[in-house]
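So this first bit is one chain, no partners, the form predicted on its own, shown in structure tokens.
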């Protein structure tokens, strides 16, 4: 497999989705090595509800028969990544407002501030039970990242027509039916899209990035025949 040449990985995330949190966490872990292999990485907030509606896949509650598996899947994935998952009392929420806030911060602050903002919003909702769909919730979640007065100013700017349009344009351009939504363009300009946090092998394969597939470590003193 050759060295990537100008590959691009873009991941779209929304704080209403715990799987966005998982994808975001993995992206940060993989980013330095992806860059070292010549792949640029972009993390973008988008409004999952609007994206799903725009492609005809609106939100529907988890079927009863799937609830136990969904709970197990979320809990174990969180444990593997070192994230504490506490299902929020209010679910789902409209994430439009916090996504507008995150988008304005993404476009007007250093990337470190945006990443800290998203982490605080998604952790606030999925670990602390903060209703980040409200101004009060956003202030509580972002406490320590920005002073309260600065957060209030950011929230006002997030509601400007220009920023609202920015969110709409970003969201509808994805054609995503879920989150995280990963778009990978390899060095030959070939684009492929992936839904979920469990597609990394496919993403790396497409980008031409050397990687180790999931494997079992042999017991001490036992040599694998594979």
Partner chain sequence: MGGHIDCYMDCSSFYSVIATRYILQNREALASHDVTVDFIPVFLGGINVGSGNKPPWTLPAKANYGQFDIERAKKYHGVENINPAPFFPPLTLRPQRALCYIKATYPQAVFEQAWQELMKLLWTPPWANITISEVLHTELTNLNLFSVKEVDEIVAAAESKEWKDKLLANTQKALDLGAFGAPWFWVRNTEGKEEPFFGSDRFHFMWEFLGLPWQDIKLLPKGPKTRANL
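Every value quoted in this text rests on a predicted model; they were computed, and no experiment measured them. Residue numbers count along the first chain shown, from 1.
The next section is about a form of this same protein that is not shown, the form predicted together with its partner chain.
This chain is displayed without its partner chain, yet in the predicted complex the stretch 106-114 from 133-141, 70-78, 87-95, 106-114 comes within 4.5 Å of it by heavy atoms. Put simply, residue 35 is close to its partner chain in the predicted complex: some heavy atom of it is within 4.5 Å. By the criterion of a heavy atom within 4.5 Å, residue 157 is counted among the residues contacting its partner chain in the predicted complex. In the predicted complex, at least one heavy atom of residue 42 sits within 4.5 Å of its partner chain. Among heavy atoms of residue 129, none comes within 4.5 Å of its partner chain in the predicted complex. Proximity to its partner chain in the predicted complex holds for all of 147, 150 and 153, with the criterion being a heavy atom within 4.5 Å.
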